[in-house]
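Just the one chain here, laid out as structure tokens, in the form predicted alone.
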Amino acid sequence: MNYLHKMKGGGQSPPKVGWAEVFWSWIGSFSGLAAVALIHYNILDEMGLMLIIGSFGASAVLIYGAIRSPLAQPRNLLGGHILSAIVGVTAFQWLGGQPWLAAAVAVSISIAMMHLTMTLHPPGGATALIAVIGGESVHQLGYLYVVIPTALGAIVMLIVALIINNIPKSRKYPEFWF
């Protein structure tokens, strides 16, 4: 009975945020993703490279919308994505013949590595998964996937977060670096 009782919850929902917080979250996410997409479509796409991956959408929620969360801090953003990209590429290279296994291994080892390095960033799990299921264009990148799109895209989003999140007096980013 205790097991099922734990599923009941019991904590309070988070408080509603004000319009200013909504506004700055929107400005940050729009600016960060627009910068990454602009670089992608106007520079890298012509060279057959990519800069935008789906997991950056989830990162935007954290680094622009939940800026005080430990999961949104620079160490977590960069470390979580980069470690997970390495793990994802490695999992595909070793186990790509069994994509279901490569996907499960990539995400599970990424979570473990992020925990061990104190860089837990939930979108990192998606970054690892994209390395496995992203298709031929991602697979052809090999470990370049770690640098472009993963590290470079995360750095661009971090720079935008540092600029936008510190404009209003009510916001401060980051809470910590290391």
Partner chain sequence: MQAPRTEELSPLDISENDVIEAMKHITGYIDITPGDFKEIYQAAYTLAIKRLVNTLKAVHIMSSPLFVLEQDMTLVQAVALLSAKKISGAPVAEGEGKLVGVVSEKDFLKEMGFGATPSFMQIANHCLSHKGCMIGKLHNKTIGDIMTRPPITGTPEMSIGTISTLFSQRRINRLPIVEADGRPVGIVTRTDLAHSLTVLAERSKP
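Values in this document were obtained by computation on a predicted structure and should not be read as measured data. Numbering follows the first chain given and starts at 1.
Although not depicted, the form predicted together with the partner chain is the subject of the following passage.
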Residue-level contact is defined here as any heavy atom of the residue lying within 4.5 Å of the partner chain in the predicted bound form; does L71 satisfy this criterion? yes
Using 4.5 Å between non-hydrogen atoms, is V17 touching the partner chain in the predicted bound form? yes
Residue-level contact is defined here as any heavy atom of the residue lying within 4.5 Å of the partner chain in the predicted bound form; does G65 satisfy this criterion? yes
